[in-house]
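To begin, one chain is listed below as C-alpha cells, in the form predicted alone.
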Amino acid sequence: MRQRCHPSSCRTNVNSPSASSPHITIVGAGLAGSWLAWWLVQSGCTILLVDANEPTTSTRVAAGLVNPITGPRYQATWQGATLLPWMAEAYRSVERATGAAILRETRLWRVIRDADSLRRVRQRLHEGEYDWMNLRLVDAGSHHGIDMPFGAVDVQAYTVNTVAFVEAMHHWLQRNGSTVSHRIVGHNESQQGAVVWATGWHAASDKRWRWLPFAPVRGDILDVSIPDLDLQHVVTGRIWLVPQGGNLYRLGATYDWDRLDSVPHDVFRRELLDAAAALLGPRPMHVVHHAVGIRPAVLPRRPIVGQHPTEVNHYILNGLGTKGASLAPWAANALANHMVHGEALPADIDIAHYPYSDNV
C-alpha cells in the first residue's frame, strides 16, 4: 500500500503556526499549487510553497475565462453542471478570506459559425444538455456591431483574475504560518516530507513524471485597443475577446505544439489579428501587449493527479490545460483530501491508471 501524509502530521489550529519545518512542500505556486496550499491549510497543514517566479507562466498570462460550452462541437464542458457552481463558491471563499476581487460573472456570446453548428446547438438544447446553464439563443443578425449570420449562444460565464488570485493567496498563506519561497527547485533536489509537483509544462521534462502523457501547447494572447467596439461581455468565435475596461480587450488564443518558447513571434500576432478581423469585421486595432504562455496540457484533456508509483513521498498536480481557472480548485481539493484524509482520487484524474515506466 502506498504511504500517505497522515492527518496527524497536520496542525489542527491554522491560527497557531508551528515552529517546526513545514510538513508539505509544494513546488509551483501557480493556480494549481496555490489552490492545493489553500486546501491543505484548511486541513491544518503548514506549507512550504516554492516557485521560480517566472513572469510568463500560464497562470500569469491566462485570461481566466470559464466557459460552460467548449470545443468545435459546442458540447457542455466536462462535469460543468457540478463543477462550475462548486468552483464559483470556492473562489468566493478565497475572496472573503483575502479581500481580493478574483471572480467575475459575465455573459458570453459564442458566435455560431455555420448552419451545421446551428443544427448541432439546437439538437443539444433539445436533448437537455444545456439545461443547467443560464442560456438563450440569439437570432441571426448584427449585434453590437458584429455580424452573426447564424446567430449566437448567450450563456453565463466567469472570468478569474488569476494574477490577483495567486498574489492574494500567497499573502494569506504567509499570514497563516506557511512559507512562500521564490527560488528554483531542481528535479532531483531532496525535500523533507511529502512533496507535490505543480510545475506546469516543465513536468514534461522531469524524469520523475515524463512517463505521463504530456502535450504542452503554446498560447499567445494580445491586449488590444479597439476604439469603435463597445462590448460589456465576452465574445467568442474562432478566437475569444474579453473586455478589460474602456476600449481595451484581451484577445486569444493561439495553439502551437512545436514552438514551445515564450518569445512573442509576429506570426502568432498576425494570426490573432486576422482571426479578430474575421469575427469583428474591418476596424482599427492597436496591440498594447503580446504575452505568451505554455499550457500544461495532457492527451486525455483531464487533470493528472496522484502519487508517484515508486517514489511514494512525491505527488503531482498537473494537466489543467486550457481549463486551469475552472479545474484547479476541484483537482487540488481532490489531492488534498487524498493526502490528508486518505480519500480515493476520482478515477478520471488518478495517475494510477497510466502504465509506469522509468525508461521514458
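Just count from 1 along the sequence shown to find any residue number. It should be emphasised that the depicted structure is a prediction, and the values quoted were computed from it without experimental measurement.
There is another form of the same protein, the form predicted in complex with a small molecule; it is not shown, and what comes next is about it.
Site test, His23, Leu40 and Leu173 vs the small molecule in the predicted bound form, non-hydrogen atom cutoff 4.5 Å: Answer is no for this spot.
Taking 4.5 Å between heavy atoms as the contact cutoff, choose which of Ala63, Leu48, Val298, Ala334 touches the small molecule in the predicted bound form. Checking each option against the small molecule in the predicted bound form, the one that comes within 4.5 Å is Ala63.
Give me the residue from Pro68, Gly321, Gly306, Gly44 that has a heavy atom within 4.5 Å of the small molecule in the predicted bound form. The option sitting close enough to the partner is Gly321.
Is Leu36 one of the residues lying within 4.5 Å of the small molecule in the predicted bound form, judged by heavy atom distances? It does not: once the small molecule is placed as it appears in the predicted bound form, Leu36 has no heavy atom within 4.5 Å of it.
Even though the small molecule is not shown here, does Ser178 get within 4.5 Å of it in the predicted bound form, heavy atoms only? Flag for Ser178 set to no.
Give a yes or no for Ala253: in the predicted bound form, does one of its heavy atoms lie within 4.5 Å of a heavy atom belonging to the small molecule? Yes, Ala253 lies within 4.5 Å of the small molecule in the predicted bound form.
Determine whether any heavy atom of Ile221 comes within 4.5 Å of a heavy atom of the small molecule in the predicted bound form, and answer yes or no. Looking in the predicted bound form, residue contacts with the small molecule include Ile221, since a heavy atom lies within 4.5 Å.
Interface stretch in the predicted bound form with the small molecule - options 98-106, 74-82, 140-148, 213-221, non-hydrogen atom within 4.5 Å: Partner-contacting stretch among the options: 213-221.
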